[in-house]
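Quick setup: one chain, the form predicted on its own, written in structure tokens, and binding and motion questions come after.
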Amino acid sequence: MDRNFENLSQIELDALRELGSIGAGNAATALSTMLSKRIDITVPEIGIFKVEEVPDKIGGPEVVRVGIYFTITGDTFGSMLLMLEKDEGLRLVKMMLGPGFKINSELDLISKSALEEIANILVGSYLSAFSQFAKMRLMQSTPAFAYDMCGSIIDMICIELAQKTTHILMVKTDFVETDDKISANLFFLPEPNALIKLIESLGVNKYESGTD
């Protein structure tokens, strides 16, 4: 069944936002356990965009970002991508490794490994929520690290997916520890049928809002 993903009803968007909140809550709990400190989250911003629109949503195609991405297999096929500004990525590493760990301004091997581990936890938490609600078996690959222009990272992933992805689900949330706040963009790049199944699995209908 064809869907116009740009014209989802408010009730569908609210349901996706609730699903994003569950995934973010799982991720915050997992990070808090790993870091032995409290991590809070903000209510996620949810959006579904055409692939070509995504770079403009996060600063433009030529803006350089850290990207950690995973191939998703199982009952569907696609990718998950965590994208951060480099400075926020380094702050996240320092948050993870503690104030006694000195990091430089570059993404060295330790910083990359720490970010990959954090991304592994975040993506696993969101996939767990997606799997539960969509009743799909979803498995993630080992993480792949990229530090490049936003447009190049998105293009690279879409090429790997053989151009099957037409729309991307974006979940934007802030992770807060004391006075420090890290903004993270998480993208789900599924094949179209998987996105349809995810939306329909939420048990809402675009006409349930009470309007014709």
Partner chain sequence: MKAELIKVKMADVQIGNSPAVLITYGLGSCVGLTIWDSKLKWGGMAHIMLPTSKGFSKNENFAKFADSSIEYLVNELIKMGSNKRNLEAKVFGGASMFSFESKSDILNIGDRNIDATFNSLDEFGISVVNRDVGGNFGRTISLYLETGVVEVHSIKNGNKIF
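This is a predicted model, so every value here is computed, not measured. Throughout, rigid core stands for the largest set of C-alpha atoms superposing within 1.5 Å between the two forms. Numbering follows the first chain given and starts at 1.
Form predicted together with the partner chain: not shown, discussed below.
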Among 182 to 190, 23 to 31, 40 to 48, 64 to 72, which stretch has residues with heavy atoms no more than 4.5 Å from the partner chain in the predicted bound form?
64 to 72
Students should find that, of Val176, Ile58, Met149, Leu35, the residue having a non-hydrogen atom no more than 4.5 angstroms from the partner chain in the predicted bound form is Met149
Val171: heavy atom within 4.5 Å of the partner chain in the predicted bound form?
no
Relative to the superposed rigid core, does the CA atom of Val51 travel 2 Å or more between the shown form and the other one?
yes
By 3 Å or more, the Cα spacing of Thr71 and Ile58 differs in the predicted bound form; is it closer or farther than in this view?
closer
Knowing the shift is 3 Å or more, I'd like to know if the C-alpha atoms of Phe49 and Glu88 are closer or farther apart in the predicted bound form than in the shown chain.
farther
